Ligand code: PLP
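Form predicted on its own, single chain, as structure tokens, below.
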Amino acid sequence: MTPKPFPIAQRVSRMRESPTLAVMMEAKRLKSQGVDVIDFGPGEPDFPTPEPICRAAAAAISAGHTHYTDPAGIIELRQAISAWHAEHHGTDYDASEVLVGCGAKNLLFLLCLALFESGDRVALFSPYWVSFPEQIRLSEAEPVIIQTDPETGFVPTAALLETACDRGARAVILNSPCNPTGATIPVEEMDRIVSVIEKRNLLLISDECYEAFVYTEEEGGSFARFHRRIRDRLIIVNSFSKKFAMTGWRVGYLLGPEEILRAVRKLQSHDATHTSSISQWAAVAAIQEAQGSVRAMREEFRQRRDLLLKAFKKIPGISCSIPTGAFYAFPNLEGLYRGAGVSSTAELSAKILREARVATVPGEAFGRGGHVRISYALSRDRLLTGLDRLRQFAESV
């Protein structure tokens, strides 16, 4: 008699695999077969990691910094993060209010485990990053989804947050600049959101991984500017991955109340222990020696965004709000449904990949059908080639 396989936990069966990774793997499969695919899927800069960071990693190895560290991170890195935020955002976070982990994704997951449990409700603005709702559900809490308006650029608002409070939310996760839309929250709206946090006694988890890539002066960037008003209700989540083209190095960090960070540290001590000691020393060099590369990347992404928006105007059936941050656009492709013989962007993305050899991520992955996410973190020539293929596809259906 063949034994039955050991059952998988229900919490896993309720999850979906990351759709962004699924698109990346399908694009790689086609590429391995010799197909020239223009991949608009990846959520990482196409720039090399700056040389000072790589040198610091090599020096760390030579110096023997290859052993365990404090689960909260080496003190040199926490002090450097504290000092950078003080200089750029006027904060006064101490190194004890900084915690380093294995990328922002891992830290967000540990935050959910540390803060939420069965019966809790956590507000999310849609479109949202694919892992937010899954991480909330894994903590046995329930996401409260708030739909933003494409007519106003998908910008989260205080008024919408109030509706989530009325539905029982006790915390909110905000992502500005936003993955997948590129939306950023203006300073005036940030101020109104902070007022809701104060009035409703909410916890704000601010995912600011794309903070370095904001393209208009009116946009707010970091909620750290409001830390004196909501210090005990604010957790800043950030990462070295996007800003310094260090996605594979896995370094993220938190700023927030010591009590919450102690809880996350406790979880991390039984999980990954800490992120790579070598990566941590490299991150110190990133803060101290590689800021110029961030400015250069931001300007290049801004120019690519402008090329993208100009090309969209020439593609029938596509409309797009202007992304004011990050390196993503979230165009509406519903105008192509009928001609392509599809009823969802999941179907349409698959058809575009097969027929036009262009990989996009369907909006259903982010809680908003009718759209696709397009990353412009690829060279200009590949960007323009992919957009031309997309135009030819749209004209043919």
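Numbers follow the displayed sequence, beginning with 1. Nothing here was measured: the structure is a model prediction, and the numbers come from that model.
The following text describes the form predicted together with the ligand, which does not appear among the structures shown.
Residue heavy atoms within 4.5 Å of the ligand in the predicted complex occur in exactly one stretch of 137 to 145, 102 to 110, 221 to 229, 279 to 287, and that stretch is 102 to 110. In terms of contact with the ligand in the predicted complex, the residue from Ile74, Cys209, Ala171, Ala80 that brings a heavy atom within 4.5 Å is Cys209.
Only one of the listed residues (His85, Arg304, Arg250, Arg265) places a non-hydrogen atom within 4.5 angstroms of the ligand in the predicted complex, and that residue is Arg250. The ligand is not shown here, and in the predicted complex it never comes within 4.5 Å of any heavy atom of Pro50.
The ligand in the predicted complex comes within 4.5 Å of a heavy atom belonging to Gly43. Although the partner is absent from this view, Asn175 contacts the ligand in the predicted complex, with a non-hydrogen atom inside 4.5 angstroms. The ligand in the predicted complex comes within 4.5 Å of no heavy atom belonging to Thr275.
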